[in-house]
Every structure is written in structure tokens, then in C-alpha cells.
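So this first bit is one chain, no partners, the form predicted on its own, shown in C-alpha cells.
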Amino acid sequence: MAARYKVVLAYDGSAFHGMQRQKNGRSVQAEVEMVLRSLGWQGRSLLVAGRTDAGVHASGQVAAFDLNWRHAPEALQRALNASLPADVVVSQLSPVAEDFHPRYQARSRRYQYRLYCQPQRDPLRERYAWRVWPAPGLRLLSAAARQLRGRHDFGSFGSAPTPGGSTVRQVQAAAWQKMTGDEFVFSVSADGFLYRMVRRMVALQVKIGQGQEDPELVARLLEDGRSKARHMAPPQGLTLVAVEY
């Protein structure tokens, strides 16, 4: 008899067109489903907590599937990882209730965006971070992040996953941290995210931190909910780090 399994996936999004299966282009979902089929999976679609854009990474993406597996869960995790490509791994696997759904039962999702500040490019860092120059001020970044917290219409920062869907979201936490050296990390948690919402939030905050945009623009866009923020950060600095249930 088939049981439902929950998996936590980590992947380097550099060579993927996103999490979701694509007609043309490599996807994380298609890679996982191909391996599952080799293990006897007969499902139509992997259940996932949410899609990530092309080039976006994950250390805590959650998925679920039903499988008739007669061995220990640890053996299933080993079997999956033995066949998955090098840029995807099942970091955790466990049996769950048969009605578990990684998307609809999620209480929050947490992303991190990493950037570094240098006048010239660094090929060894730019795969996982956005290079910006001049360096933004931490005080201005933090003030902008505080305005994003709470329940707002984030329509100016992204599009609803389904046409005509609500663009109101509850941002539970949003903060910048100055790391060692020239790096900054933006951490944000919400009950859900719009398409490209985090990347627009980051880009505007960086422009504010550099003194190139009015700090009051965040509040105006949240009040407007329609006019799209003009700037968008590149995908490679963004990582889905956790989905909470």
C-alpha cells in the first residue's frame, strides 16, 4: 500500500528554469519525478510547497509524493540521492499523514537574499550573490525593511500565483544583516509570496540604501498596490531556506 512521504530538497538553481515542470527547459520537479518513476512511482505530479524562479536556489524546498515502498525511509532517501543529478539532493525524508500537502498546509516560507559589495565582478561569488556598488547603508536598508513588515497589498512588488488572485500577504519578519567582510543578507518570512516579490523588494531596498531612491517609496508602493516597483534583483542571490508547518 502506498504511503505519503515528505522530502526537503536542496538545489543549485543555476542550471534550472525553475522548480516547476517546464515544456522547454530543465526543472527540479522533472528531475525528481524522473527518479521517482524509476522507483515505481505512478503519480501524476509531485506536490510542492511553491515554485522558485529560474536561477533561484533552495536549501529548504518541501515536496511530497505517494509511493509503495517496502523498505525503510532511509533506504528511500539513499535511492533517490543515488540517481538525482549533482545539483539536487533530498536532505530530509519522512513518512507523513496521507492528507499532508506541502503548499496548502504551509504556515510560512522564509527566503534569504545575499549580496556583496565590490566595484568589480568576482566570478567565484556571483553564482550565489548579487554584486552591488556602491555599498548600501545598513541603516537605510533596515529602515526600508521595517516598512515591509505586517499585512499589506504587495501588488506593486509581484503578481499573484493565479490570475486574479489576492496580492495581500502577511510579512512576519524582514531584516538585513551585515555579514563578515562586504556581504549583506536580507531575511524575509511571510505566509506566502507573490511571483518575483522578494526580488523587487530587495532591489528597491538596495536603491534606497545607495541613496538612489526615496525611502518613502516603500510606503507609497504598499499603499498603491498597482504600480510595479521599477527595479528587480537578479535571481542568483535568492534562496528558499525553509517552509514552516
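Bear in mind the structure is a predicted one, so any value in this text is a computation, not a measurement. In this text, residue numbers run from 1 along the sequence as written.
Note that the form predicted together with a further copy of the same chain isn't included here; everything after this is about it.
Although the partner is absent here, Gln77 lies within 4.5 Å of a further copy of the same chain in the predicted bound form, judged by heavy atoms.
Taking the partner from elsewhere, Cys117 is found to have every heavy atom lying beyond 4.5 Å of a further copy of the same chain in the predicted bound form. In the predicted bound form, a further copy of the same chain lies within 4.5 Å of some heavy atom of Ser59. At the 4.5 Å threshold, heavy atoms of Ala233 stay clear of a further copy of the same chain in the predicted bound form, well away from it.
A heavy atom within 4.5 Å of a further copy of the same chain in the predicted bound form is found for exactly one of Gly150, Gly137, Pro85, Gly165: Pro85. Here the marked residues Thr52, Tyr113 and Arg196 all miss a further copy of the same chain in the predicted bound form; none has a heavy atom within 4.5 angstroms. This chain is displayed without a further copy of the same chain, yet in the predicted bound form the stretch 121-129 from 156-164, 141-149, 104-112, 121-129 comes within 4.5 Å of it by heavy atoms. Contact residues in stretch 5-24 (any heavy atom within 4.5 Å of a further copy of the same chain, taken in the predicted bound form) are Ala10, Tyr11, Asp12, Ser14.
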